[in-house]
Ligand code: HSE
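In the block that follows, a single chain appears as structure tokens, in the form predicted alone.
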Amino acid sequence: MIKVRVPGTTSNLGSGFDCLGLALTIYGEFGFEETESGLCFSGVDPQYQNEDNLAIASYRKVKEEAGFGRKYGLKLSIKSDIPISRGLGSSGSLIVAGAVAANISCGNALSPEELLDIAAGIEGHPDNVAPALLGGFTVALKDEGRFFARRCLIDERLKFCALVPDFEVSTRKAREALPSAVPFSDAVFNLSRAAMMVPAMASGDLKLIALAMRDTLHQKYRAPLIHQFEQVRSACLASGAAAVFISGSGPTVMCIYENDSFPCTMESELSAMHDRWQAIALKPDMHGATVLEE
């Protein structure tokens, strides 16, 4: 049995569309055991008990790339606090778990860079799998079919609050909501702010972070997919949030805050909303994917 713990993530961070990501202190634990044949699942929804399960697919892909492509069965167990289809990296955690576990079973035949390339290739973009694998605050990009990521400094005292609703927003619909082209001025607006996010996160300067998170590329197009988004955003700011942004493709709304009472205040504020929302206090996770047992 190989057991891996992987953090949930938030991506984009406002201006950093498809390139900025952050690992958070919410986790999934994944157990993998090779068998003679077939698949066996524990803690997995029946609709995901098949070869298309991202953890299974990722495990097999890494084994194949490492030269261990023989036929085998798998037992997969999952115990996760990461909400599914909420913009907190649930799919990325599955992919990274499978990749790391398979690499362990191969004697760490592949480098972290190779694992990132495989994981991001399965996900289609690197902004969630990079922090899930490496931990901390990451910047990632794709060039000529390959993916690259680096960790950046972050003030570990920063406090995040995930406001998670009881409804989903599919990544496909969130992608479809985006325009095929944007004004040049919008691109420049985001480029400058995404670049500023790197020193802002390192310093923990909340005013600079709020400025750097302003976005014109994706959030205004995705906001209508999140029920009562403007009311939730206004409630966050009125309750003292330093910055508010859509986590990944949504529907989770992420806040950065100072006052320790903020999550409780938001629970109370959101109780009046039509949908049920949960406020989860989080911190940056600095470790990324961790092997618990092998």
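Numbering starts at 1 and follows the sequence shown. The structure presented is a predicted model; accordingly, all values stated were derived computationally and were not measured.
Absent from the display: the form predicted together with the ligand. The rest refers to it.
Proximity to the ligand in the predicted bound form, taken as a non-hydrogen atom within 4.5 angstroms, holds for one residue of K75, R214, K159, R175, which is R175. In the predicted bound form, the ligand lies within 4.5 Å of some heavy atom of H125. For N12, a non-hydrogen atom is located within 4.5 Å of the ligand in the predicted bound form, even though that partner is not displayed. In the predicted bound form, the ligand lies within 4.5 Å of some heavy atom of T171. Interface membership of D275, defined by any non-hydrogen atom within 4.5 Å of the ligand in the predicted bound form, is ruled out. Heavy atoms within 4.5 Å of the ligand in the predicted bound form are found in one stretch of 242 to 250, 25 to 33, 46 to 54, 265 to 273, which is 242 to 250. Of the residues in 16 to 35, those that come within 4.5 Å of the ligand in the predicted bound form through at least one heavy atom are, in sequence order, F17, D18.
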